[in-house]
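Starting off, we have a lone chain in the form predicted alone, written out as structure tokens.
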């Protein structure tokens, strides 16, 4: 998508603090962190949100979770972390490109918001 900010970040058109990149996944630090460690993990392929996951792109999602595990270990989050994906505006999704938040590096509240 030409106007998608996350597509532009993954393509290197908008600068970011890259944490990880391979052929299918890009991960970068959130510019408005909600925890000591707050990293966004996105597929390079434009997928709007969880509702658009299907047989043709589910392998990418599986790979994203392998990457999340690697990043969590690299960031020393073994004590605990949270993975969140908001789906649609009612849940707080503001960028309509599937993304997973890795939140950790400190004791997280039991409250989800």
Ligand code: AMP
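Positions refer to the first chain, counted from 1. In this text, all values refer to a predicted model and were calculated from it rather than measured experimentally.
FYI, the form predicted together with the named molecule isn't displayed, but the following is about it.
Contacting member of 40, 71, 47, 35, with respect to the named molecule in the predicted bound form [4.5 Å, heavy atom]: Of 40, 71, 47, 35, the residue with a heavy atom within 4.5 Å of the named molecule in the predicted bound form is 40.
With the partner left out here, if you bring back the named molecule in the predicted bound form, are 6, 9 and 31 all within 4.5 Å of it by some heavy atom? Each of the three qualifies.
Does the named molecule come within 4.5 Å of any heavy atom of residue 57 in the predicted bound form? Outside the cut-off, so no.
Residues from 85 to 101 in contact with the named molecule (non-hydrogen atom within 4.5 Å) in the predicted bound form: Residues within 4.5 Å: 86, 92, 93, 94, 95, 99, 101.
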